[in-house]
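One chain comes next, on its own, written as structure tokens: the form predicted on its own.
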Amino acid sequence: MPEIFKQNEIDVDHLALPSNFEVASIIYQQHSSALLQFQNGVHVQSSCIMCEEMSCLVSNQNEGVLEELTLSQYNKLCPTEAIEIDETGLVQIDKQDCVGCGLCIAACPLGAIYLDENKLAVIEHDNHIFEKSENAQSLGCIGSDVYANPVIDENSELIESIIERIKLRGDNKLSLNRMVQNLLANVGVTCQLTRQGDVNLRMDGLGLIEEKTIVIEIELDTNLDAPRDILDDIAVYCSRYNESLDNVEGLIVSSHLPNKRTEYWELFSDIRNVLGLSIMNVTIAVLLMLVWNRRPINLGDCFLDRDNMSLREYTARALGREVGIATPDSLIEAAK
């Protein structure tokens, strides 16, 4: 039983798929829960069954970078704690706190969560043909091949609304860092946030991919301070942990990319040429699109400099299709 149940001591009514029904495909729909199609030809709207994994609530992917950071990690999936089990034993979403990032939608194995007309997450609790069960059913056996389409179709308006809701929060930096942490974890970068006020680890986070440590700066608005800050962060990390620069890379995650005329882009080529150090740039939009499409990230393709100021080509290649964001847009490329 997940720790969240033990702590709150809430009685939960579990449901289960009918024993003779095997999921053939899950089709995501706009403003509605997903359509479940079974091998026997039956199809129904999905709804929450309070499954064993409770993956919409708990994230267990934020471990394994630095042991000293493990106990301080945020282990909920929702960056604003908008999802909780209420007093009736059902998972509910507080729309006052939801920012519409879709992490919970991508995490739900049955597609029971969706964005409504206001771009806020909703959990469907109309049980249809699901049966009551004494025990929680595991949905870990549902393979990725059953998902027929993206959990959310991207567009600039939706992504800008997510960023704006984060900015308007009183804890906007904390919420942003938590969201990026779980987005990175879902695209294949093990990520831990550093402790607030830790003068020894001043970066926002540390990641791990293919045995390389990724030093992470997370910014709502990126400027020339970001590459300078990350150089300081890398120097502190290498000095404190006696790590070779060859085993470290930098990553700046931002809401938008700076325009083409700024000196920002000149720095990355110089840093790579002089220090042999790669600093990658990824936007929140790219991470959201990869998560919504269940795609991993290849950070090696996210090196930007004065000769390449766009993530559009990489994102399209990762998604296997054109990106649904008009050109140009600073969500994924430097504007004029």
Partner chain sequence: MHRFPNPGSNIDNLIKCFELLYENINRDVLFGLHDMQEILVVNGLISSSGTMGAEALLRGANVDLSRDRSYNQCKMYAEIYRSLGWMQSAERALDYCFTFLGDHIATAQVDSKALIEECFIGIEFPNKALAVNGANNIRPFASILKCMAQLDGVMTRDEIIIGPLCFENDQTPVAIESYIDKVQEYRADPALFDAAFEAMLEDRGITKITAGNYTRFPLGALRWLGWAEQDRDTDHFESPTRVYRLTEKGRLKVEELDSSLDLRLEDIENYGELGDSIAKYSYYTMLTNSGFDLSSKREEIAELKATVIEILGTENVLFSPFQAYDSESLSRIFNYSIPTARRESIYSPRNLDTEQSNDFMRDQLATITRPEEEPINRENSFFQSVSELAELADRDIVANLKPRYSGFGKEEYYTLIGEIFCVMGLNCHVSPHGVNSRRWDAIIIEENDSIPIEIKSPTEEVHLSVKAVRQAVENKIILQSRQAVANQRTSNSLAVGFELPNNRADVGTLINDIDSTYNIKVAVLGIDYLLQLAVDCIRNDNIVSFDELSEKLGIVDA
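As the structure is a computational prediction, the values presented were derived from the model and not from experiment. Residue numbers count along the first chain shown, from 1.
One more form of this protein should be noted, the form predicted together with the partner chain, which is absent from this view; the next part is about it.
Contact annotation for the candidate site: 57, 96 and 110 all lie away from the partner chain in the model of the complex (no heavy atom within 4.5 Å). Here is the short version: of 174, 139, 231, 220, the single residue with a heavy atom within 4.5 Å of the partner chain in the model of the complex is 231.
Residue in contact with the partner chain in the model of the complex (any heavy atom within 4.5 Å), chosen from 85, 224, 146, 129: 224. Between 28 to 36, 303 to 311, 47 to 55, 283 to 291, the stretch whose residues reach within 4.5 angstroms of the partner chain in the model of the complex through a non-hydrogen atom is 303 to 311. When the partner chain is considered in the model of the complex, residue 67 lies well away from it, no heavy atom lying within 4.5 Å. The partner chain in the model of the complex is approached by residue 262, whose closest heavy atom lies within 4.5 angstroms of it.
In the model of the complex, no heavy atom of residue 196 sits within 4.5 Å of the partner chain. A residue is said to contact a partner when one of its heavy atoms sits within 4.5 Å of a partner heavy atom; residue 42 fails this definition for the partner chain in the model of the complex, lying far away. Residues from 267 to 294 that approach the partner chain in the model of the complex with a non-hydrogen atom closer than or equal to 4.5 Å are 267, 270, 271, 273, 274, 275, 277, in the order they occur in the chain.
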